[in-house]
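One chain comes next, on its own, written as structure tokens: the form predicted on its own.
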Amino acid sequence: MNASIEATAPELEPAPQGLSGEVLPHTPISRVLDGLIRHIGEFSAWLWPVLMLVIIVNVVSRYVFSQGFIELEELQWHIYSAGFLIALSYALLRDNHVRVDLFRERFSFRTQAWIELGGMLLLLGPFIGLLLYYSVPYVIDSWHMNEASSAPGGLSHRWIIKSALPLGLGLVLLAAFSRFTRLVAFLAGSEVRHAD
């Protein structure tokens, strides 16, 4: 009976697919950069179980033993910040970032590529450049001062977490450049690879 239902069911048309990273052609540069970002992203995934463990220890110590630790609270937001900043580049690489796609999916791959290329050149590139321009001196000052937490019992070496800001932004810039080379290759005539 199930076989007859399956045989008579009309075939569904596949949903329209956007110009995802799975279908763009690779370039020699993109292969190297994507591999680097993928390895860093996969390695940084270990930050999330560590963060969960720190949170559990902090909650148990506070509510079971009535003992709070400023170090654990600060360590929580340090790990979360580093994980988030590193994950941005991995999300861009995997094309898992948030998009506002009211019209994009209705456009041809070529139009989508031009829109994305324009967005990278006019929005993402200048934004990341501006953030890097201001974050690098911010981190250098923190290194020179050997900045520590102002909270009693807080973590020392605050410059370590501040260094995650230009590191994460630099990785996003590398991921964007990799994507940029793939878009240019597509617009220059390379065929779109169909995802299986």
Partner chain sequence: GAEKIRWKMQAAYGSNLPALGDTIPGVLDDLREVTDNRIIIKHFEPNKLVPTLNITDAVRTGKLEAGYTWIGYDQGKIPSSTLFSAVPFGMEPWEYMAWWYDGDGQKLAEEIYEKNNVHPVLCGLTGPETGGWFNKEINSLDDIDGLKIRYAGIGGRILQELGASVTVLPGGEIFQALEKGAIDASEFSLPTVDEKLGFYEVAKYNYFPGWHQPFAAFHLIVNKDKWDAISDADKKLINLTCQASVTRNLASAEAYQGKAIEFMKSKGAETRKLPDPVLHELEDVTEKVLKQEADKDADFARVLKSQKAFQAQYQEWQDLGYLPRDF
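Numbering follows the first chain given and starts at 1. Keep in mind that this is a model prediction, so the values were computed, not measured.
This next part talks about the form predicted in complex with the partner chain, which is not shown.
- For residue 64, no non-hydrogen atom is located within 4.5 Å of the partner chain in the predicted bound form, even though that partner is not displayed.
- Contact annotation for residue 35: none of its heavy atoms lies within 4.5 Å of the partner chain in the predicted bound form.
- Within this chain, residue 68 lines the site of the partner chain in the predicted bound form, having a heavy atom no more than 4.5 Å away.
- Within this chain, residue 28 is remote from the site of the partner chain in the predicted bound form, having no heavy atom within 4.5 Å.
- Residues from 137-152 that approach the partner chain in the predicted bound form with a non-hydrogen atom closer than or equal to 4.5 Å are 138, 141, 145, 146, 147, 148, 149, 150, 151, 152, in the order they occur in the chain.
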